[in-house]
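This document starts with two versions of one protein chain, written out as structure tokens and named structure 1 and structure 2.
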Structure 1
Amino acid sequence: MPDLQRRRWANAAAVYCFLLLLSILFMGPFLFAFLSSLKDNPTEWPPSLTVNQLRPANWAASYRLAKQGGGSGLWGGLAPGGSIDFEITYWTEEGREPAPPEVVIPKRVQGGAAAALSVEHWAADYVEVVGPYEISREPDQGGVLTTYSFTLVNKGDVPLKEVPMDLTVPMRQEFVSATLSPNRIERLGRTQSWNNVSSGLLPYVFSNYARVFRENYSVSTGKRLFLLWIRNSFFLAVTRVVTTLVFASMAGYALARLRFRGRNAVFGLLLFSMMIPQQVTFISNYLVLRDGVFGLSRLVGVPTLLNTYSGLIISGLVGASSVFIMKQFFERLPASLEESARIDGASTYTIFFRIFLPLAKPPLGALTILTFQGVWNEFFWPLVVITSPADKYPLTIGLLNLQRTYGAATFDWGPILAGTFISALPIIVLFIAFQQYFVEGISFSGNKE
């Protein structure tokens, strides 16, 4: 008996380890992408899971510095007359006299030229540096640890959102620690750079996420593009979900329950359309939209459906696979439900809306997830149909625009990873909310009693 129990525990442990390995393989890249989206330099080599933005000591420091400067501890800022006390420690080998760092407030902003155009007040024009002063010196393993202190004072009459800072020391004087960890260490360790020493907690941790929303705006309208891209994708996805649920449920019920001439031929055409890849038909679909659906749109004063949301919606009102899932589900339901309703005098519409449709929550939930995910992640067809302006892009095309903005020349991959992670959140939330219906809908659609 003990041997049998031991074998059972060993088998359970083996299965658990196997599932754990699979979860690491599937979730590992996702977790690594999230950690990289928080980094100042996500392309560092060799890659590391250590992220300064996730260190509690830096959380406390970023909150405390912003609060000390008269701003919000969560959102940051340096108020007029506000000051920030900062300390930094260097290691110097024995026999060398340590030198205080040169403190510079540069005219620099994250995001390059596009972000610089929106800056109203440069911190370099208002911030005065008091110090640095040496406050302690102690021996340490063949060298000396020297700590310096200085103060940044806002001498102007305007609040400052960003206060960048650079500290430079002579060669062979190594950086050890600071009140807030630097964003970059450059010039062979001589220069330590901070993007914003008064950032506050949330902008410090989610700096790349804030940049995605702040730095991308329309030149013509001045609106924040990333919010527009999210709104556009939600509009397209929700609209397609509604049209798919309506037309797929009605068509599935008709093919499963109604008897009419040509039903088998229609179902055969449905199956045939599922076998044709989108790449085969996209040229013909493009021409149909270009001509306004055989010229019918001209009747309402619309010469073409290209570069319109109407074109995207009309070209994908309902998919053949959605109709197939609903047909399989309705065929599974017992015929006695329909027969009893007809005996009571119910019409076809009453049977569909009052009896069959309320029972179809599992496949409708599955279609909601599949359709929303398909439209939310759709890239090729929106890229063909929607060309300009950037205000009309869905989120997938907007991410391509981010790649051109940040990745092409500057190799600034942090905002790109942040935007990609944001785009994945609605799908994750939707799947968690509808996962029960998703599993039941797929199982019901594949079985027939």
Structure 2
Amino acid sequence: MPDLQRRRWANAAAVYCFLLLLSILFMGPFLFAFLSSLKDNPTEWPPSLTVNQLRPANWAASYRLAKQGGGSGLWGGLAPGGSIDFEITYWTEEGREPAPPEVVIPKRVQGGAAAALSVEHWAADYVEVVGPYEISREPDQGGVLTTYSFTLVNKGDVPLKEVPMDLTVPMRQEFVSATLSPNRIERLGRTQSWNNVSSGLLPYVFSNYARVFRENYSVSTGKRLFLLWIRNSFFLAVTRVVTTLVFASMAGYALARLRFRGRNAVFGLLLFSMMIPQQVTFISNYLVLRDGVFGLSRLVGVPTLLNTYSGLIISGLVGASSVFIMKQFFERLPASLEESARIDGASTYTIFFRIFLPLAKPPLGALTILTFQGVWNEFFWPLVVITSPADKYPLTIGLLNLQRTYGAATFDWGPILAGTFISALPIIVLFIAFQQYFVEGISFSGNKE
């Protein structure tokens, strides 16, 4: 029946279409938030899918402008003696004489007062404007399009990182296009405003991302906070993965393959602990860390484990669910594995390290991913343990801090969204690379019965 055969193909195609439609529901909010994290104003109304930062014309322009200014095309800058040629086109109705724009290099920097403190040289003090000159005029839809050109020259002897610019024209002279799209249009369309005309390609496209790194300084050490937070999270995640892998496989093996007094009690307590919310036991755990685990930490000269990574690591050496996963795995291996080794007189340790551990690669792989993801995303316990200084925050708590910084008066969503994507990036990369392990991890932890 060729007819039914054809229908089967049509059905398959239709299912693909529906699968794609449905994936918009799951990926859509993420993708749209990512697009918006590139925008100058992520809360524009109506929300739009066009992003200046993603237009190839702007990529080329930002690269060219920075290159022409003597800086690096990718990273930007206006070198001493360097100059930037800029063109802008306006539309005026028939009978009105177009006026050249007033070009101002304002003393302005992205990120407000805090960022202004770190500026050493203001472009406003060094940059001279040559022009603007009218270079062309042509009729267009009941009006005229006039193009002006001007040049910005760095007359000082220092390289400038940021060259902001404002152009103002009289009322009813409409902005049409420019060498580089303006970041904002203000005063009912009269003023076109750029954050940095010599930004270079990468800082132009990822300006909100650059702001996250640039504008968050530690009060006490002056270091860049966001880099520290990323490093902290990596350190914590890697350490906890190592302790979890080692200790969970040891405990899982003992619970699964060895007979000893108290085995059932330990396993019972393990199951019980998996049901009790973290918010129950954290009251005592907070105190235990505060007192340095019954004063033991004083032996090494540390009065309290609050606000230390040792505290987070010791309290999270190995989780019950990780032990559970390893126990489930070791239980399923055949008994013959250890029997022959026992006859040969091998010790328990030898059997564990030489025979069982090498077999445990699949669950250990899944556990690595699960633990890394878990620690990277952990919020509640670090919030309790690490309260100050901001240098010590892991990324999740840092993001909360970021939200407070940029959300104090009105929400400046650009850097907040950018920060969330930077923090999600390692997990997304990990997920794409080790997808299979994520799935296995879920089903490993799922085999409870």
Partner chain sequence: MRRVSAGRLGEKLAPYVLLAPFLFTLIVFFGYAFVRVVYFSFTNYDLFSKPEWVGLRNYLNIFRDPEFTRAMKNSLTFMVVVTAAQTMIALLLALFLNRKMRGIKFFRAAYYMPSVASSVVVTLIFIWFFQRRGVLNYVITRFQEYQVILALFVLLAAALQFVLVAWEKLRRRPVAIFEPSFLLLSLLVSFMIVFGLVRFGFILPREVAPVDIIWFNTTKTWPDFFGALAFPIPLGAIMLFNIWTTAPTFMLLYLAGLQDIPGELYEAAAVDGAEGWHMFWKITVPQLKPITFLVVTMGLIGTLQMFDQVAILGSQAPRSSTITLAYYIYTNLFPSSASPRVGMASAAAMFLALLTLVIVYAQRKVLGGENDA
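Residue positions are counted from 1 along structure 1's sequence. Remember, predicted model here, so these are calculated numbers, not experimental data. Rigid core here is just the name for the largest C-alpha set that superposes within 1.5 Å across the two forms.
The chain as displayed in structure 1 is taken from the form predicted alone. Core-superposed comparison between structure 1 and structure 2: the Cα of Pro277 travels less than 2 Å. Relative to the superposed rigid core, the position of the CA of Arg298 differs between structure 1 and structure 2 by 2 Å or more. On a core-based overlay, Ile343 has a Cα shift of 2.6 Å between structure 1 and structure 2.
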